[in-house]
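Starting off, we have a lone chain in the form predicted on its own, written out as structure tokens.
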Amino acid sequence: MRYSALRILKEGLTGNKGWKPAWRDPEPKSEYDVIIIGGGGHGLATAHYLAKEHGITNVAVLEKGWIGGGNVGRNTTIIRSNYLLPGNEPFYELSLKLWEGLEQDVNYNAMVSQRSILNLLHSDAQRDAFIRRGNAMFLAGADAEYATADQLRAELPFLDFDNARFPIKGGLFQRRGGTVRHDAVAWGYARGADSRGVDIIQNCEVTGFDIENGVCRGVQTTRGPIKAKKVAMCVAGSSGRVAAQAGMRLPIESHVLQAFVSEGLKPVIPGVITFGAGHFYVSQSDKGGLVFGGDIDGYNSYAQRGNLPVVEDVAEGGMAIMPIIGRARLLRSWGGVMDMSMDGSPFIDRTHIDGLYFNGGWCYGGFKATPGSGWCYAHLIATGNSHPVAQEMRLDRFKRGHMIDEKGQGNQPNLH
């Protein structure tokens, strides 16, 4: 069933009795060409592009819970491609271009809103760094725009430009950045994959791998064993636990990242704004709530909840750039489990076990990477070769000394 204005009109006139479920709920088959472990955004995008771009439809997506219950439904919905390093920027620009055509591709309203993203700067040294990053974005085909303090005063008068500690001296815009409805991304990709024959199997946890003579032959699950020619891990914050079942130790730590939403307010923030002297980012939802977040909680955890010191730290970051946020009441908060890599950049690679692939280490960048991750992971699984924009996202890059250290913080996951 394709969604359209005509379909909505027809169903409205006939009592809405013709709608069908967005995707099937099939029983798992005994064998597939490809098994994707993880029914989050990246896993579903991979399945969609495997079927659409490579014609591989005998695919199963195994999700231990329900579609949309993981990080894809627990984030601040920001999309952007304002990166610096050549190992990152072309990849995220590809992802942003895929975002721009996503709704037509999957025939689903994902509420893609290119309302812009602004990185504030607070010092002369930071201005130089931001201009350098903007030039790197231009080289990768992305858009970037330097904004002076006077320009920002006219566009965003509610910001605290004369803060004694963090005066706002300008900023770097990416006008094509913005937000997307996170749940709709999962549902849209699930529907797109299912419509091409992919089996999406919920409540099916992987409990082990069938590995014979260095070759992965399938997986053990709570719904029985399933064979496969290729198995692709794509489980975000659970990467370490799942990979351990295959005898692998990954260069990843799992941390909690909290996010928050305020009560509904009248429209005030036109796009996404980030604090340049700390870690704070904020946008305003269509319902009026301020959606914001900051740093990870700093300790290793698999719990989808955080602690109060981070709530205080995030609130302080918001107050530093826009004191008006102090009058807003916090409505709710939630947590996602981040798979923090040693250098802050992800992995899309085959493992040392033949037929077993890995996608993870997305740190803070997982949601914005969803289309690009699925596109490049599908390319790797289908062809056996890394996609050109993901060639540096290798598992052995630390052994080779080729880190993609976007923030220049070294090999310390909690700092990324």
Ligand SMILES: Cc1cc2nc3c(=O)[nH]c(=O)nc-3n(C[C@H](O)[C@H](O)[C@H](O)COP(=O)(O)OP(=O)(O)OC[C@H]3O[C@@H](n4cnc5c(N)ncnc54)[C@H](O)[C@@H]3O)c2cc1C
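Bear in mind the structure is a predicted one, so any value in this text is a computation, not a measurement. Start at 1 and count along the sequence shown; that's the residue number.
Another form, the form predicted in complex with this ligand, is not on view; read the next lines as being about it.
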- Assert contact residue (this ligand, in the predicted complex, non-hydrogen atom within 4.5 Å, options Ser195, Ser301, Thr76, Thr274) equals Thr76
- Query: Considering this ligand in the predicted complex, which of Ser345, Gln284, Gln258, Ser81 comes within 4.5 Å of it through any heavy atom?
  - Reply: Gln258
- Query: Given that the partner is absent here, does Gly336 sit within 4.5 Å of this ligand in the predicted complex, heavy atoms only?
  - Reply: yes
- Should Lys64 be counted as a contact of this ligand in the predicted complex, where contact means heavy atoms within 4.5 Å? yes
- Residue contact check: Val206 to this ligand in the predicted complex, 4.5 Å heavy atom: yes
- Query: For Asn88, is any heavy atom within 4.5 Å of this ligand in the predicted complex, or not?
  - Reply: no
- Message: Given the stretches 323 to 331, 306 to 314, 227 to 235, 132 to 140, which is the single one in contact with this ligand in the predicted complex, using a heavy atom cutoff of 4.5 Å?
- Response: 227 to 235
- Of the residues spanning 17 to 41, the ones with some heavy atom within 4.5 Å of this ligand in the predicted complex are Ile37, Gly38, Gly39, Gly40, Gly41
